[in-house]
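Shown next as structure tokens: one chain only, the form predicted alone.
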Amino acid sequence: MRNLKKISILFLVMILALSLIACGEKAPETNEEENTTAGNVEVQEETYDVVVIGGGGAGLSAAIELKSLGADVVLLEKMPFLGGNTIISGGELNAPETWIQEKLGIEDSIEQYKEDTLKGGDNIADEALVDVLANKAREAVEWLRDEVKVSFREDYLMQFGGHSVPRAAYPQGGSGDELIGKLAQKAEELEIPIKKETKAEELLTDGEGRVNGVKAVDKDGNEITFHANKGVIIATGGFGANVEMRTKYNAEYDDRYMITVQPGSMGDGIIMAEKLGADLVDMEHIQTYPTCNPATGILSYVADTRFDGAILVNKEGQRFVEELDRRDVISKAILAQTDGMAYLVWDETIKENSQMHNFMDEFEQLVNQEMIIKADTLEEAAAFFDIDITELEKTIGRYNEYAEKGKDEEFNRRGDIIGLTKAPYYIQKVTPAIHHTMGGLKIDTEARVIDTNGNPIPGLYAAGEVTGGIHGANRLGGNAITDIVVFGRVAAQSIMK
């Protein structure tokens, strides 16, 4: 499934890059062959039709769509690599009525997807934006398949918590590597200039308040002005790594929390646009991912056994939440348990169903960190984490009865209920970490950034996690990738009108 070895290495590179920057040193040199423009460091001004800020999934989608519409576009990325949070995601994206659902005989509809998304965000999302997301989702996954050449599995769909049916298209390899690799390749084919290690610091405007450029600084400290004849698209991601910004809007999410996001998620685009009077929405809504590595905070893909039948128990050996509930519901439930920890329990059957052989790198890392145990008996596995074995055996006994009946009488678990009966047994220790910020710049259905007076800021557009209003109080799994592709393309189309 997911390539965890690459993801772990990528995190180390990101942390090293930011550490060097913080110490006043240069980040690692970017391979000249990876840049689409060599660029003379003495050049202080460049002019394009559109400047896109951010080289993750939203920014790359916007830039590719712009180029296909005939625009002269440049993309700025402050990190020494492309990908943002997209590259460290699983890469799955939700879409209703797809060819994959048709092949698998899954009935779904745009309205059902819209209803799930609104309900999943406590019905406070902007319904007009959710309508755009739902109606353009299938088009987005088909665009990735046909134009970007992303390869999706044809025989499998994921069903994330909060969704009524499986609808998440699954990229080959189960990693954001597939999406970002193909998006970057497409951008290179289209000869889109990409300026890595170039941090946007200020949005520029003309005498009438129209955004017409970006002031940026490259890795050598040179200040470069990028003029934008048609406007600027902000796609800089969220603010999950910015503790000060998190606590400003919600004191709960202080430095006690580790993060799953990459360290460049500092809210840069929100801060720049706010200086121009941009309105913000839903900033207090910050999401944790429930099953992360307690040693590092990194999202655990081994823990995706939760989707394939594993159960969650506490130190006392008892279930306490539906395993396929919303991320925020599960996260809060875990934090309320002893030590703020939970334990995923599964057997060999569930292990085989989860295709864990595809991410054994992470599995071995978790074993070395004593975050997972494989044992011939439940008693031995429970003893490793000092879990109450008497209660655990009772819990699993009841659950196995539910599996035989086909109905979870305690938590009404969605999906298939699979009994835990086949040794060896596995237990994994997990805890929540900061994963996504639902709040951000207020936009309309054309991805135009809206000011505090309710008017569009001329020449300024935004897409992806930098925006708010699409997910409401909580984002359902698989909706972020749909969001970045749909609104990245919408922003591009709108700016070219």
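Quick note: we count residues from 1 along the sequence shown, nothing fancier. Because the structure is a prediction, the values reported are computed rather than measured.
The same protein also exists as the form predicted in complex with adenosine-5'-diphosphate (ADP); that form is not shown, yet it is the one meant from here on.
Position in contact with adenosine-5'-diphosphate (ADP) when the complex is considered in the predicted bound form, options Ile100, Val211, Met272, Leu420, heavy atoms within 4.5 Å: In short, Met272.
Between Lys199, Lys230, Arg414, Lys182, only one gets a heavy atom within 4.5 angstroms of adenosine-5'-diphosphate (ADP) in the predicted bound form; which residue is that? Exactly one residue meets the criterion: Lys199.
Which one, 63-71, 426-434, 444-452, 461-469, holds residues whose non-hydrogen atoms are within 4.5 Å of adenosine-5'-diphosphate (ADP) in the predicted bound form? Going by heavy atoms within 4.5 Å, the stretch is 461-469.
Answer for Gly162 alone: is it within 4.5 Å of adenosine-5'-diphosphate (ADP) in the predicted bound form, judged on heavy atom distances? Output for Gly162 is no: heavy atoms all beyond 4.5 Å of adenosine-5'-diphosphate (ADP).
Since only the chain is shown here, I'm wondering whether Thr117 would be in contact with adenosine-5'-diphosphate (ADP) in the predicted bound form (any heavy atom pair within 4.5 Å). Looking in the predicted bound form, residue contacts with adenosine-5'-diphosphate (ADP) do not include Thr117, since no heavy atom lies within 4.5 Å.
How about Thr86 - does it come within 4.5 Å of adenosine-5'-diphosphate (ADP) in the predicted bound form, if we only consider non-hydrogen atoms? Yes, Thr86 lies within 4.5 Å of adenosine-5'-diphosphate (ADP) in the predicted bound form.
Any of the heavy atoms of Gly264 lying within 4.5 Å of adenosine-5'-diphosphate (ADP) in the predicted bound form? It does: once adenosine-5'-diphosphate (ADP) is placed as it appears in the predicted bound form, Gly264 has a heavy atom within 4.5 Å of it.
In the predicted bound form, which residues of 235-253 put a heavy atom within 4.5 Å of adenosine-5'-diphosphate (ADP)? Contacting residues: Ala235, Thr236, Gly237.
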